[in-house]
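Two forms, one chain: they're shown below as structure tokens, one block per form, named structure 1 and structure 2.
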Structure 1
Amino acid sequence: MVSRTDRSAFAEWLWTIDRYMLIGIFTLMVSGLVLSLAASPPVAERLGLESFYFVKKQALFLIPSAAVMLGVSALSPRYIRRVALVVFCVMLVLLLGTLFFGSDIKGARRWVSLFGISIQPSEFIKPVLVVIIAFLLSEGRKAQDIPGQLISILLFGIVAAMLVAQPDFGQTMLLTIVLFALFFLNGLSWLAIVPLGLMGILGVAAGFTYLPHVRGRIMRFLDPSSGDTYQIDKAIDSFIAGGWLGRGVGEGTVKRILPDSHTDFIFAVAAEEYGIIVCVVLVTVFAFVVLRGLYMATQDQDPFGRLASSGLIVMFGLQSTINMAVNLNLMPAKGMTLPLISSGVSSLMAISLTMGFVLALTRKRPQPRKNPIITVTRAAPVQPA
């Protein structure tokens, strides 16, 4: 074991990282691989690929993903901001690129090929945008002359416009909620929250009125007989068929029918084979990671660190809850991947980056106490002469 007196970078990292959250995240990563064993073979077979193509791909990218996460988690907040800014600039260019050179998949241009690897810039831009907005808001709050809120909204507007152009309403919606959450966490006055909430409701109402597919989805959720709820019905069948203990690995049948069994509906597919108890455990792990992350954020005295880590965790939590709620027919259908679980290299890498940021920002750092004069800091051992 590394000694506490060891001052190397690794020892520093090991003693400051939040190990509970790290274990939670690794649990989810490995579960993702295991669930992929159940969910992805039928999709691979449908696409004429080898049965375990997606499993192998997932396993292959798990190592670099973990490396990215651990590497980023060792950074200091200042470097986090720098990394975020660089990634933001690159991804903004790529995001623009998708509109012109993107490959058209199912009527949307979300993917761009870079050095032979197809990546989804929208996945990567989400966490870095959160970090940048968190910085702008915390700075803006500290020094009144920096228009942090205005710049934040501006940056959000640019990214959202590009996402809508792809089109990718799911990510836009997620990002909007996260933006609101960031303002909220930053202490937005309740007087401002009410009108903003009303605006949000108006926005949903506008979508309901003017976008037929949005209306269709909501109507089908409220009244299943009004349209085709085939996917959702099958997902629910899958949970019921699985029962408490599941049918056993490879025994699932619903996965052969559900079109996005390895991404959007992986939760339902996993339920059929591994059972509801495993699903409840999975939900618990998600809840643990989210709550632990938020709790750690509250311990942070630095407004930037607190805002950025809580914003990232909220995004992670939202994504997981939306996906699971859709799978369980608790909300209208919306395509959303289950973070760290669903297949998809871009999604996995981006979430690893997100969790890397969170781990870095929630590392134990010297914190000012109630009396700001007294600071507790780790004393360097006396250097032998």
Structure 2
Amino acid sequence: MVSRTDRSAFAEWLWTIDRYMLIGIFTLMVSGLVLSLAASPPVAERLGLESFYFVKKQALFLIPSAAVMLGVSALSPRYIRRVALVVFCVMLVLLLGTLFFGSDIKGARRWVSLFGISIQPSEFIKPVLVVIIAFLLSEGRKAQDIPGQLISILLFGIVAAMLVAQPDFGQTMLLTIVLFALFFLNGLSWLAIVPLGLMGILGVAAGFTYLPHVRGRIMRFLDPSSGDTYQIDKAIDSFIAGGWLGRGVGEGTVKRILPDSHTDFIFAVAAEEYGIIVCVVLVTVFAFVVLRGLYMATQDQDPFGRLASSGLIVMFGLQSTINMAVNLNLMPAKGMTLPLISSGVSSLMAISLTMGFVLALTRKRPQPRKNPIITVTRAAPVQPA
């Protein structure tokens, strides 16, 4: 055990980190490895790979992902801003590179190969963009001559344009909602939010009109007979087959014919093998991490820390909700992973970076003490006798 009188860097980190949220995050990481063991072997076999290829890959990168999260969680807000700026610049270049040198997978260019590792830059640019926008908005409130809102919208526009060009409409919509949340939390009036909301609706309408894959997904959701709904149908079959208690570990059958069972539809595999009760427990852990993160954000007196941690947690919660909603056919398919659960190196590392930011920003820090007001009263002059 580490004593509270210990003044080492590790002791300071241990006594200031939110250990409840840290336990919740590690619970999701371990759950992801367990579910990868159940969902990924059939996919690996269909691709001609060794049965536990994706499991070993997930386990291999779980340790460096945890190291990234813990390392980032020890940083101060100043260094978080610096790290976010460096990562943003690098990922912006790689994001641009996907349009020219990216791997074409299922009609989209979202991945680039770097040192033999396939990287999805959009996963990494999301959290750092949130941190940068939070800093710009908080500085804009302090000094009226800093156009924080305008620069934030310009940066978002550049990233969104590259995402749509890939195309990746799901990530674009996620970032758009998070941007609205940041502006709202920063004190933007409803009169200004309404035009932004109308712009978002126009963006969805434009995507529906000019992007065939977006139109196809929305139409299949509204009218299943209008197109192929194979994966969604099989995901629903998984929930029905699993029931409350599940078929048992390794007894699932739908995962053998579900193409993305290890990524986008791993929640459905959990339902079939472990049952709806385990899925509810998993949802509860996600909800706990989100609510705990929002609560800790409200305790922060620093506008930047409060805004950045809130935005990151909103993004984490929204992505989790979208993935599970798609599995239950409650919204159109988005091609979005379940944070810390789905297989995928980029997703795991990027979410670990995100939660590292959150843990760092929500650490307990001494608040500046206010100087006591001392009132000095003069004694009445002594009258001569």
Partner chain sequence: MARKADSSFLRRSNVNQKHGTSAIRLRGPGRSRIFFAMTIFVFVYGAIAGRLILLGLQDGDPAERFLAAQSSVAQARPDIVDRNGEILATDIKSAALYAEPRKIPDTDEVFDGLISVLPELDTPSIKKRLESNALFTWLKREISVEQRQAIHALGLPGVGFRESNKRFYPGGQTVSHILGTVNVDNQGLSGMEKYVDQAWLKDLQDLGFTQDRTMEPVKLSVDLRVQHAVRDELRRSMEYYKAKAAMGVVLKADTGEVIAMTSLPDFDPNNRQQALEKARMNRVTGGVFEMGSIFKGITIAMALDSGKVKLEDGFDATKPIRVAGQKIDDFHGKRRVLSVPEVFIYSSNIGTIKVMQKAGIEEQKAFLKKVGLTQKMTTEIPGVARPLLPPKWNDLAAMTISFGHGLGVTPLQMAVAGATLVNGGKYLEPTFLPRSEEDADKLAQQVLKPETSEILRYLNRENVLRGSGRRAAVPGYDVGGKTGTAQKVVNGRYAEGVYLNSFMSAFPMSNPEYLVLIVLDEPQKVEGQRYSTAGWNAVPTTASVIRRIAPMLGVVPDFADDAETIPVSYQNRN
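Definition used throughout: the rigid core is the maximal C-alpha set that superposes within 1.5 Å between two forms. FYI, numbering is relative to structure 1, first residue = 1. Nothing here was measured: the structure is a model prediction, and the numbers come from that model.
In this pair, structure 1 matches the form predicted together with its partner chain, whereas the other structure does not. For Pro147, the Cα coordinates differ by under 2 angstroms between structures 1 and 2 after the core has been superposed.
The rigid core superposition between structures 1 and 2 gives a CA shift for Gly197 of 2.7 Å.
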